[in-house]
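Here's a solo chain for you in structure tokens, the form predicted alone.
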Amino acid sequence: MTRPVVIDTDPGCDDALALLLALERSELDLVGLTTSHGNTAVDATTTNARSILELTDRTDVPIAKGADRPLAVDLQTAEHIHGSDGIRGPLPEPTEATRPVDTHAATFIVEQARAHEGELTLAALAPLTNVALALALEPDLPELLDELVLMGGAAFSPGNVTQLAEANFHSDPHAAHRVVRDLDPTIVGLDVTKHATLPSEWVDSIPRDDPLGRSINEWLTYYSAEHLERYDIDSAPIHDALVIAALVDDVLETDPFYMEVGTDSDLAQGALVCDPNDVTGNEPNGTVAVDADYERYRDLFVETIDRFVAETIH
């Protein structure tokens, strides 16, 4: 039985690979994409998402364009990492077949949660603005969703934007604060995604004499040499793909915690704070991925992408 999934995304190189993984796995029924500001401005993330659907011949998947700015802080984007348009590599121009629906992403999330009551998985790979707005529109969203799985936060690891904060949570800390407080999420943060790398020899094996292969290769190698050295890794972590892999297979180990997200404008902005010693006495309001079966993740990822490339590149 397939699970219905909405992915909230801001493509983004690792988002692109996560979408490719989701689109190619028969276990998942992708009933829609919603787009947000994040790796670049929302107009560009929407164009990128449309192009990925064109590339994979999945123009049947509806797209809803969402928030163009955070709830209360200034917009920050990451073109310096993901490329001038928020993504690297050649992509097809979107056509009318992928024109966004005339519904805001937050409304679309609520509509899909009602249509698939108790069964919908919301996979949030972007700053959580759209999800927080959906919760404001529909306070019963926690009961309507089967689960919310999100890429964000750094529970017990250093951040990648500040010493404490991961990019998605830092980009819209007020949205992250509300979502973590009220939506019982499964948080797949830097604690585990920083290790979600792929074998360098496999990355090098992808044919680059074809536009598709060149795009996939550039998505897989979006980290600069400086970033690889900073984090002491051989290849770029594909953060968002670990979330999708977890929807397909049991690759995560999670623990429940009471959690909060800082909204201060300085060091605490976007910081995910867990209570492992129960000093607050509060019941857990979500779970955090604390470890992953990386070999299983890599096998699933490589098998899926290899199959897609073999079927698509002639």
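In this text, all values refer to a predicted model and were calculated from it rather than measured experimentally. Residue indices: 1-based, along the sequence shown.
From this point on, the text means the form predicted in complex with a small molecule, which you will not see here.
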Review point. Heavy atoms within 4.5 Å of the small molecule in the model of the complex: which stretch among 235 to 243, 131 to 139, 205 to 213, 104 to 112?
Key: 235 to 243
Exercise for review: Determine whether any heavy atom of Thr34 comes within 4.5 Å of a heavy atom of the small molecule in the model of the complex, and answer yes or no.
Suggested key: no
Check your understanding: Asn160: heavy atom within 4.5 Å of the small molecule in the model of the complex?
Key -> yes
Exercise for review: Mark Ala196 yes when one of its heavy atoms lies within 4.5 Å of a heavy atom of the small molecule in the model of the complex, and no otherwise.
Suggested key: no
Review point. Is the gap between Val179 and the small molecule in the model of the complex 4.5 Å or less for some heavy atom pair?
Key: no
Check your understanding: in the model of the complex, which of the listed residues (Ile87, Leu125, Ala175, Leu122) lies with a heavy atom within 4.5 Å of the small molecule?
Key -> Leu125
